[in-house]
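Just the one chain here, laid out as structure tokens, in the form predicted alone.
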């Protein structure tokens, strides 16, 4: 039996399975947050028929829970693709949401996937009942922009992971960058943040929405490594300076969660643990990470916030 490190799996994982949604082939990679004392997940659902209620592709649904374990999934898709342009032509597969609360608004970024490539689409909600599209905010290929939960030096800030399909001697598959904006729509002042740096993430790394702590901005990241058996997705964490987040002040050299359980090793995409966020509880010194397992089901892992921050600082 392997020894778990910082993040510990919930014993009865997976907590959400395909059979929890009629006709689903998979329920996976979820945005996550708290709303009115309930845990909210925006779950990605892939359907056995290839379509849902007359529309092709996957759908994203609100799942809510009082205890963070038992979830009720809304059958109505949360992301309703508009019938007008530009979204009608470019947003065919709305999954992998990232949620950031800024003041009283929950901003939701999801990748637009289609013939035009993969890019970030920004939307918002105040109640997780109605979602409003705002704008396309990144060019292809960049599917994972993640917003900071407050302005820094008067500007909105985000972390991106631009992606190169074919690496060469000058560029890896995916490095993380930071940029800023006066209005959440127009982005610039791009700065490099972090390249793949360790064995469990040699091919590419990617962000989730940062969490503000007294020690810095804590961010769960995924890392991808490649071997003869294919790609492997694991999770780690980094710590960024509060005033100047382009400065990385800590990072885990070891992964904090990697695929070892059968439901993580086998599925639609094997050998994957993948998170789109995390939920902190400062009073309990706890962090909860709801993660996609093998792009098929959803697991829960929890750990100590302070232990994770210490690991980032010690392992830098």
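On a predicted model such as this, the values are computed, not experimentally measured, just so you know. Numbering follows the first chain given and starts at 1.
As for the form predicted together with a small molecule, it is not shown, yet the points below apply to it.
_Complete contact of 146, 148 and 211 with the small molecule in the predicted bound form (any heavy atom, 4.5 Å)_ = No, none of 146, 148 and 211 comes within 4.5 Å of the small molecule in the predicted bound form.
*Just one of 58-66, 282-290, 251-259, 264-272 has heavy atoms within 4.5 Å of the small molecule in the predicted bound form; which?*
Selected range: 264-272.
*Heavy atom of residue 29 within 4.5 Å of the small molecule in the predicted bound form*: Output for residue 29 is yes: heavy atoms within 4.5 Å of the small molecule.
*asked:* Please tell me whether any heavy atom belonging to residue 295 falls inside 4.5 Å of a heavy atom of the small molecule, as the geometry stands in the predicted bound form.
replied: Within the cut-off, so yes.
*Can you check whether residue 95 is within 4.5 Å of the small molecule in the predicted bound form, heavy atom basis?*
The answer is yes: residue 95 has a heavy atom within 4.5 Å of the small molecule.
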